[in-house]
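Encoded as structure tokens, the following chain is the form predicted alone, with no partner shown.
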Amino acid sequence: MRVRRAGDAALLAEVEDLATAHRLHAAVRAAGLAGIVDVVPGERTVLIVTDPARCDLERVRARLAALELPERPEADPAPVEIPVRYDGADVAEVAELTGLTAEEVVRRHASGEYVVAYLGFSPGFGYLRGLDPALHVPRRSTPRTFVPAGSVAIAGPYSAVYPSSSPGGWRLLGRTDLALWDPDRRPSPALLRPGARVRFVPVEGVR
């Protein structure tokens, strides 16, 4: 693990893979280190944000080096189920790019076992690993200027749900009514969190 400063109030720990990032994220949160105000995992990094008035970065760095990582982060007892109507604008295009039928694209996407790698891009946007390799397709060459909230999409090795309306270049497979981001939700506005498991459930009647 390599740890370096990220500005005046944070440390960035660089690790070898996503699993280690999740294990370090869990260990830092469990340690209850004084003065840490946020812990943000990435694909192979963990950002530790501190309150400079309450802690010293070099002391935090030393504590990080001494932390014992769990074998695996504690898993949620059940996956988050996201109901999806698979009527997305890019289903046919994904079928053409992969050589699959549209029905097989939907079946493979809905049968995946996904884990939230990290959050980014916009509030509540979870990058989900576990997409069937046959569905690994590039982003659109020209992003859309508007993607509706609830759009279920894929790009490269990831799947995701757009929590809010925004521009975007991912391939759209469907849509859900489930709110991925709700400022009034407690304890967290984001439905997804790093390490959580996710299932997509095909349904009819999603608005």
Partner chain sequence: MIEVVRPGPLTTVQDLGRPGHAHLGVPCSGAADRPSLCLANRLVGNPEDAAGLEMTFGGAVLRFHRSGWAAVTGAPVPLRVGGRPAAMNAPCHVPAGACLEVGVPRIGVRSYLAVRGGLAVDPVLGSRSTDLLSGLGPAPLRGGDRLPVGRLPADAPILVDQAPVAPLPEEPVLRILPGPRDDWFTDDALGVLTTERYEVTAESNRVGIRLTGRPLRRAREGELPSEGMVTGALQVPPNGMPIIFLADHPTTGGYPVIAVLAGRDLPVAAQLRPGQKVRFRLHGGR
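Residue numbers count along the first chain shown, from 1. For clarity, every value in this text was computed on a predicted model and none was experimentally measured.
The form predicted in complex with the partner chain is left out here; the points below concern that form.
Interface segment, criterion being heavy atoms within 4.5 Å of the partner chain in the predicted bound form, picked from 142-150, 41-49, 168-176, 63-71: In short, 41-49.
Residue contact check: D8 to the partner chain in the predicted bound form, 4.5 Å heavy atom: Contact check for D8: yes, within 4.5 Å of the partner chain in the predicted bound form.
Contact test in the predicted bound form: A19 vs the partner chain, heavy atoms, 4.5 Å: Taking the distances in the predicted bound form, the answer for A19 is no, it never comes within 4.5 Å of the partner chain.
Touches the partner chain in the predicted bound form: P123 (any heavy atom, 4.5 Å): Close contact exists here: in the predicted bound form, P123 approaches the partner chain to within 4.5 Å, heavy atoms only.
is_contact(Y118, the partner chain) in the predicted bound form, heavy atom dist at most 4.5 Å: Yes, Y118 sits close enough to the partner chain in the predicted bound form that at least one of its heavy atoms falls within 4.5 Å.
Contact set, 8-31 vs the partner chain in the predicted bound form - heavy atom within 4.5 angstroms: The stretch touches the partner through D8, A10, L12, E14, H25, R29.
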